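One chain is shown next in structure tokens, namely the form predicted alone.
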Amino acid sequence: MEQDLIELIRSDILDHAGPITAETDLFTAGLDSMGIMQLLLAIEDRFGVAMDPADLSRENFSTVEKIATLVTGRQAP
């Protein structure tokens, strides 16, 4: 899951040439509110997970690790 999110973020969301790991601060790497919206749509499309508006916090989207935890928790068993 984390590797899939890293590739998604690197190729579709951020224009970031540097390395991105599960622990990279995505806001420092360039993630902004528009990027979060693009990421939400991409997560829904790729993983079939609808995010609750209450999940939209800077804390939940600060690293790939936190996003993966959130997405995994929202996936149907």
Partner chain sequence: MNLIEEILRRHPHGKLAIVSGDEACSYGGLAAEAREIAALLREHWSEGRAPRVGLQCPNGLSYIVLSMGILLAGGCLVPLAEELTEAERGEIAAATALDLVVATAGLPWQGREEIVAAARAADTDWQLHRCAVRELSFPEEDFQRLNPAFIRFSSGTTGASKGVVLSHETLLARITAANEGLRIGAEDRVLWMLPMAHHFAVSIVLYLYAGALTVLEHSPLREDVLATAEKNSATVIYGSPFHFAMLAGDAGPFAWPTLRLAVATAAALPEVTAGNFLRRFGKPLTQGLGIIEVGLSVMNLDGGADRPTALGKALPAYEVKLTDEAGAEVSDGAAGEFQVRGPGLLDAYLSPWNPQPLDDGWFASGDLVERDEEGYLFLRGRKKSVINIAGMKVFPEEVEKVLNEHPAVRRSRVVGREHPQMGQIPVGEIIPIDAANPPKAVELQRYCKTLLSAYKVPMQFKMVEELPLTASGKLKRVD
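None of the values given here were measured: they were computed from a predicted structure. Residue numbers count along the first chain shown, from 1.
FYI, the form predicted in complex with its partner chain isn't displayed, but the following is about it.
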Non-hydrogen atoms within 4.5 angstroms of its partner chain in the predicted complex: do M37, L40 and E44 all have one? yes
Can you tell me whether L31 touches its partner chain? I mean in the predicted complex, with a 4.5 angstroms heavy atom cut-off. yes
Residue-level question: is S57 within 4.5 Å of its partner chain in the predicted complex, judged on heavy atoms? yes
How about P19: is it within 4.5 Å of its partner chain in the predicted complex, going by heavy atoms? no
Using a 4.5 angstroms cut-off on non-hydrogen atoms, would D12 count as touching its partner chain in the predicted complex? yes
